[in-house]
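Form predicted on its own, single chain, as structure tokens, below.
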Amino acid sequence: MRYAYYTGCVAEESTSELDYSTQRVCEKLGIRLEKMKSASCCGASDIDEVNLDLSRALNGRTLALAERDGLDIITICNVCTLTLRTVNKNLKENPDILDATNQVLGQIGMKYNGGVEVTHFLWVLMKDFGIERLKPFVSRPLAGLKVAPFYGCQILRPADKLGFEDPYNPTSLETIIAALGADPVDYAGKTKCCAFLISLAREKTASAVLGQQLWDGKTAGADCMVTPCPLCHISLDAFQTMAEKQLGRDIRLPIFHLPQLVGLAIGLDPAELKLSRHMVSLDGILAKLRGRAPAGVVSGAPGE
């Protein structure tokens, strides 16, 4: 259980609590992460639009760095996952594209041979580590907590680049939520878009889309929501106030990063998971868990 750990830009800065909590959770589970300190931004879909060859070279370098160390790549961002997997698929399936990319990489003394796979933290928990292996680590079951899963687009679609599960009827998040002792909440918006990519250009549209997903989850009975994507987390958490104004409704639905939810269940202290960095307070969730658990089971002051 050893991976080249690609955090991506957002988890390094805007949602650094995701990076921090991922490392704490993996340390406890025995998943070894070798942080890719010299890897660059994946460029998301922006560089593709301007210069596809540059995108291939940029991400080909990241793949080559992991290959040099004999490791597959694990990411904690849906966008990074899709971008790296798309480039990796193109390089592996098209010898001419691989050759052209290696000509560029050769200028910095590097080469990619197609020997790396790209996975996501969610997929590692489900498949490589496994749910049955995870369950014994659950020392603090999240009993009675109703959690709405929010997958985000780019861990599901397009299926030919991702292909881990049914893009319109996924079950991985629900399976993990249940394994942690919580109750997964089914609702219409769980596989829909968070509207992050249009939030600056079309603020009202983005707020309406985001607000609908949040409202669907809350009215379905959720106490909180969990997502495997930092960009979705920014939308759901930081932009939630805008969505409330657009909808004219009070939502106040706390949002977890996936490793934070796992971390609580496997006994990590709230302070280790940096829960205080969220815009929508998680104090009520922690209080609810304290009220339903034996004394001392949920430690740390509210919001730590």
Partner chain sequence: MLATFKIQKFNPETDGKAHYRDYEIELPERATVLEAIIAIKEQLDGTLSFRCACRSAICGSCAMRINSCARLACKTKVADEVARFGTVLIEPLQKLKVIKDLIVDMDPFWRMVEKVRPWLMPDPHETPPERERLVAQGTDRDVMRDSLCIFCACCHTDCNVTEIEPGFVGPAALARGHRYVADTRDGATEQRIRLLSDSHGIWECARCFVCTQVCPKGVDPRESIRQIGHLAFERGLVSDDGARHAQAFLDSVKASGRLNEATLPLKTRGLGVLGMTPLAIRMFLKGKVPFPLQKPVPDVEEIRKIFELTEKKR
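Positions refer to the first chain, counted from 1. The model shown is predicted, which means the values in this text are computed figures rather than measured ones.
As for the form predicted in complex with its partner chain, it is not shown, yet the points below apply to it.
- Heavy atoms of Cys9 reach within 4.5 Å of its partner chain in the predicted complex, making it an interface residue.
- In the predicted complex, none of the heavy atoms of Asp269 sits within 4.5 Å of a heavy atom of its partner chain.
- Taking non-hydrogen atoms only, Asp250 never approaches its partner chain to within 4.5 angstroms in the predicted complex.
- Using a 4.5 angstroms threshold between heavy atoms, Cys153 counts as touching its partner chain in the predicted complex.
- The partner is absent here, but in the predicted complex a heavy atom of Leu82, alone among Ala148, Leu82, Val118, Ile76, sits within 4.5 Å of its partner chain.
- A heavy atom within 4.5 Å of its partner chain in the predicted complex is found for exactly one of Gly181, Gly130, Pro158, Gly221: Pro158.
- Of the candidate stretches 135 to 143, 163 to 171, 122 to 130, 221 to 229, only 163 to 171 has residues whose heavy atoms lie within 4.5 Å of its partner chain in the predicted complex.
- Although the partner is absent from the chain shown here, Glu13, Ala39 and Met279 each have a heavy atom within 4.5 Å of its partner chain in the predicted complex.
- Interface residues of 98 to 129, taken as those with a heavy atom within 4.5 Å of its partner chain in the predicted complex (partner not displayed): Val104, Leu105, Gln107, Ile108, Met110, in sequence order.
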